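There is one chain below, alone, in structure tokens, taken in the form predicted on its own.
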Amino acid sequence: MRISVKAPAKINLTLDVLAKRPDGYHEVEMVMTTVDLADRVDMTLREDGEITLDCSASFVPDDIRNHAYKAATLMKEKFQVRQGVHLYIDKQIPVAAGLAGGSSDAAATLRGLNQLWNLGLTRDELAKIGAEIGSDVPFCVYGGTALATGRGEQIAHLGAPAPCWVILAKPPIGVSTPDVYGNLRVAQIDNHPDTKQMLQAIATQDFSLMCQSLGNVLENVTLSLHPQVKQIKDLMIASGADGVLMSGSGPTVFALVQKEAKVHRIYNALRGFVKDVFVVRMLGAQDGEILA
């Protein structure tokens, strides 16, 4: 028996860090939404109890360092599942990009194994398990658009934002999220995003207000470590993007555009500068699509 599950990327419309917690994590407040750039996770039942993993991208780990592998191991141990699974990840989302590709693969694995192993868990129960794997996994279990708080695992669902094009550009570097947070000085943040205004923009599907409300406190840290990120941002703005922001800890930058004519101009400008450029749409609503 085999199941395939889509694992969409996410972007941060806002990312605010409020405090460093005693457990070493940071207290965050962020608005996230999924886009239609997605990996696919194929799960094939194994009767020998083994968990194995292959990936279309050769540099992705195939052991417990991989979030999807970790998700399968956790589910098997937690529910004492006798069977195993072979995971195959068709990787379309760039790695170490600030797009939660690994977290989304883990979330897709949780959803798929729930069906493959007949566990009968609710989406909320899967999200709780996801929090043991990584802070972005609970959001990815639900998909759609949400306000994430705590260390990212507390999820409040939101409606779909105003429809628009999203142009993603990733420079040829990987960014370590722990390194970025390690260089962040919470007390020195002087420009916090207006999360309430972003929530209002989403509730009213006000595209202009959404663009005005974009903000990410990690941006200055990553920009200081990787000047290429600022060059991409400046190029998007100069090419006429309606709103521009770095996603997560970077290095991917996205542009929001309403008019299709602008999309081609920005895409062409970026393609002369970086290889990884994607034109996608926001998914908007919750998406837990199991393909087969």
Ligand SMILES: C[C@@](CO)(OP(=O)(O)O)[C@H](O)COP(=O)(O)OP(=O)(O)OC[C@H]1O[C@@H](n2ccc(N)nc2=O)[C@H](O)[C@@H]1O
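So that there is no doubt, residue numbering starts at 1 and follows the sequence shown. Not measured: the values here are computed from a predicted model.
Below, we refer to the form predicted in complex with this ligand, which is not included among the displayed structures.
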item	value
Contact segment among 263 to 271, 26 to 34, 225 to 233, 44 to 52, judged by heavy atoms lying within 4.5 Å of this ligand in the model of the complex	26 to 34
Every residue of K6, T145 and G284 near this ligand in the model of the complex, heavy atom within 4.5 Å	no
Proximity to this ligand in the model of the complex, single hit among W165, F207, Y88, Y181 (heavy atom within 4.5 Å)	Y181
Partner-contacting position among Q83, T73, T195, S135 - heavy atom within 4.5 Å of this ligand in the model of the complex	S135
Touches this ligand in the model of the complex: V221 (any heavy atom, 4.5 Å)	no
Exercise: R151 in contact with this ligand in the model of the complex, heavy atom 4.5 Å	yes
L99, heavy atom within 4.5 angstroms of this ligand in the model of the complex	yes
Contact label in the model of the complex: S103 to this ligand, heavy atom within 4.5 Å	yes
